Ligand code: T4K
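Next up is one chain by itself, shown in structure tokens, the form predicted alone.
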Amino acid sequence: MSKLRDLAILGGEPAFSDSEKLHVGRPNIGDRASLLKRIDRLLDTRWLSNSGPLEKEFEQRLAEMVGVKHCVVMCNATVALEIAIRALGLTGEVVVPSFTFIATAHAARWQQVTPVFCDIDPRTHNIDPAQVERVLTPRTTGIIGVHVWGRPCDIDGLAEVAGRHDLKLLFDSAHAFGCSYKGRMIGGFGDAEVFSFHATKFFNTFEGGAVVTNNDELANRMRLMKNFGFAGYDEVVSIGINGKMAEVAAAMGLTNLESLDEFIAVNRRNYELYAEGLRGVAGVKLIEYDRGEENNFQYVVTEVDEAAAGLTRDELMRVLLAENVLARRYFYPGCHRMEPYRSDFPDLHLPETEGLAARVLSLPTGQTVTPDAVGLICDIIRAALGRAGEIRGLGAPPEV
């Protein structure tokens, strides 16, 4: 039975106590004993960084899982994107979606490459190849596709555009570890793909990232770049930075790989429970996953239609926050409306991106979210929409 008595925003007690707060992106943790055993071993050997045995094993396991020749793990996915951009020789301009985490754009800009934003396909939330074509210029050297929510973007369409215009094709696959496209695992497409293993991802290494590729020369360049350009002892052959992954992060990665199926099973269970709990709720549409492909179900994402729901996305979010359900907007308000890009492109209008950024709401999932909690969150949403007239006008959600 639901413990929801009345909505907190209307004077009731929060459905979840402060100690029970539910977060989007709360870290999953695999078998603690296995992790501590690996940490004991690395402490005994005192090999804490600099391409240790755990890092090498982790790279090999990832490459085998994804089905690529090379995996280069790094300290985080943003540095991985920067190194991939530099190693690919991207200059001038690259086309990116605005509906993505700001790191996609920042990585290009940090490498003195101008991110040129294009609109998305509102059905998939992903970069639209037709929109890419419209913003190409003589200065364009590449395209960065983003697999939002782990649902692959139109890889074939982007590859066709890239091939016809002789452009590099890089994928920001931060959401898509463990997902597939037309039966092939994400990771082996384009010139390279970048994964994120940040703590908020369903699979994490505390903090980390990786670039995967089938290009031997590219992989070698990136390995040099992530280690100051060292090709051997006292032999620096190119410019580079420190992008190495620490051994303790690789230990966490290897441990969490052993629980990967469990993480995905929990995500899928929660997704199915949300789908059942929100079925028939006018104005709240849950995104769908292609059941013919591998999915990690990492994100439970809804689109809130104000006209049908009676509340805006932000008003519904405020209700959930009052109940200690820390739902989140993604990727509000769009990269093109953040600095420095807002000043760089003051007249840029991306209607599909802006519309979606005003509708999307991500709900908590992962190991710490139980079936009862999912049921209660669905009860809160139903109750909020049922009392929309009382809730309207209470203001935007507070910062969290």
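Keep in mind it's a predicted model, so treat the numbers as computed, not measured. Quick note: we count residues from 1 along the sequence shown, nothing fancier.
What comes next is about the form predicted together with the named molecule, which is not displayed.
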inquiry  = If contact means a heavy atom within 4.5 Å, which one of 345-353, 359-367, 24-32, 63-71 is the stretch that engages the named molecule in the model of the complex?
reply    = 24-32
query = Are any of the heavy atoms in F331 no more than 4.5 Å from a heavy atom of the named molecule in the model of the complex?
reply = yes
task = Please check if H198 has a heavy atom lying within 4.5 Å of any heavy atom of the named molecule in the model of the complex.
result = yes
query = Do R313 and the named molecule come within 4.5 Å of each other in the model of the complex, heavy atoms counted?
reply = no
Residue contact check: T78 to the named molecule in the model of the complex, 4.5 Å heavy atom = yes
task = Note which of H125, R86, R221, H175 lies within 4.5 Å of the named molecule in the model of the complex, where distance is taken over heavy atoms; exactly one does.
result = H175
ask   = Which pick from N270, T104, T140, N296 sits with a heavy atom within 4.5 Å of the named molecule in the model of the complex?
value = T104
task = Flag this candidate site as yes only if T100, V146 and G208 all have a heavy atom within 4.5 Å of the named molecule in the model of the complex; otherwise mark no.
result = yes
